Ligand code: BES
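Here we start with a single chain on its own, the form predicted on its own, put down as structure tokens.
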Amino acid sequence: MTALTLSTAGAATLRADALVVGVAKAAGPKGGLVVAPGAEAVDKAFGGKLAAVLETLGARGAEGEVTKAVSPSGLKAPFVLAVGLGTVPAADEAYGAEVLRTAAGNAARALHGLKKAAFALPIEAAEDIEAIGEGALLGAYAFTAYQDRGPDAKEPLAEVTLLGAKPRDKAHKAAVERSLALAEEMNRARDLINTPPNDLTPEAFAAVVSAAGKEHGLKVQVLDEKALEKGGFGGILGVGVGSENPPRLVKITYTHAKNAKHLALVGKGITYDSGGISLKPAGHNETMKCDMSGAAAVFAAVVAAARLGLEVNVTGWLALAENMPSGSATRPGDVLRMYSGKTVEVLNTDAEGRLVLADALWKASEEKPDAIVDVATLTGAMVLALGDHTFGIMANDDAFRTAIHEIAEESGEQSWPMPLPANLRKTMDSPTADLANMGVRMGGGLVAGLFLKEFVGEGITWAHLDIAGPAYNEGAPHGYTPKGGTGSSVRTLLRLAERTAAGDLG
């Protein structure tokens, strides 16, 4: 994992393999390149002509832009890496956290193969340190566990040093600690998502959680297939019955003695989704190792909350199963008796995520938490509605849905509030069971949310995050987002836990 440190050293005197500075475009149609605050010493070493040099090299200050310039004799680092920050903000404004986070991520990705880089980006408050630290640590991520790494392979940037901060300042130190905890756990979630499904079975996933529980002093309970059968978890068992790798329900608990507020997080953990008997068509199976992204996000958020010592009780429920076709698999037309006692007619075995979540939601409801949030790569319909970068939010409380949307935006994650139209509930009526696991095709993401709502305990505030779009990036890396597993919603969940601890959510 990339190290993150603060330094009071000047940019001109610090020894590093690279110096990272920010550049932006001045407002107006004829706006030229401007060197952002934090890089004054670097500009001085260039004789005050750093912007002119970078413009000659093609820099325009656009977000996502990266430009390299050889350092003059006045700098210890051999080269300067300029990252675009977009348009210069107004005089009474500062560069936004997401702008800094993205710029730091772009820089870290561009510096693979180096040992140490000094970041001289704009820092006006502890929040800026946090954003730059997060972006750099997330941008430096690489998943190489299954690659034959030769001696010439470029490894991720080993150390990030932030200039312009105060190592002894309490708020600045806390910002670094939060950046480290969040990024390390988010990157662990990415590792899990990227791990091939032949290695990350439900049992293997549960073992990872148990090991982390011991490391961080968290209580972990694992229900195996025998315990699930004894407990009547028909949804989880019904999804996992077709696989040679049996399902698991994992509970990971962080408790803080000073706060009675209890937040429950529930994650869909389908370690591989073939679609079951309702087999997915060719071209839709290759990335289905990512169908446990919700469980990975919940796991990461609970551990990060524990590492930060948040004054809130957080329980994570990971509903883990492998959805495979076989002679023992659940068939379309079968009826499952869920943990809640309700019966569900399975019309499509590829609508399996809602089945495992239903059991976990009812189990979580038994503890009467103040709120439940479930996270899942649940429906292709949500991807069609919101695209690859935005997750949908549904809830049984409008204020709670709005709060989570605002928290996501504050955390740098794209989300959008979605409705739960009552008229769509009737489309899941079944002549055989209490309800079916499918309704009308149009609005399928909303139908899935309505299904989950049926399994939330009476009077409990609940929200559902459908992260099917942003959970796995099949395109090119960008900003601090790698190709493959992204760790979507971890930042939102952690910020939600912090807001709950602070009493900001009622």
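Residues carry their position along the shown sequence, with the first being 1. Note that the structure is a prediction, hence the values are computed from the model and not measured.
Beyond what is shown, the protein has a form predicted in complex with the ligand; the following relates to that form.
The single contact residue among Leu263, Val356, Leu378, Ile132, judged by any heavy atom lying within 4.5 Å of the ligand in the predicted complex, is Leu378.
Interface residue among His216, Lys280, Arg337, Arg425, judged by heavy atoms within 4.5 Å of the ligand in the predicted complex: Lys280. Here the marked residues Lys268, Asp273 and Met438 all reach the ligand in the predicted complex, each with a heavy atom within 4.5 angstroms. Screening 103-111, 370-378, 425-433, 314-322 for residues having heavy atoms within 4.5 Å of the ligand in the predicted complex returns a single hit, 370-378.
None of the heavy atoms of Val42 is located within 4.5 Å of the ligand in the predicted complex. Residue contact with the ligand in the predicted complex: Ala468 places a heavy atom within 4.5 Å of it.
At the 4.5 Å threshold, heavy atoms of Asn348 reach the ligand in the predicted complex. Taking non-hydrogen atoms only, Met288 approaches the ligand to within 4.5 angstroms in the predicted complex. Residues from 91-127 do not approach the ligand in the predicted complex: none has a non-hydrogen atom within 4.5 Å of it.
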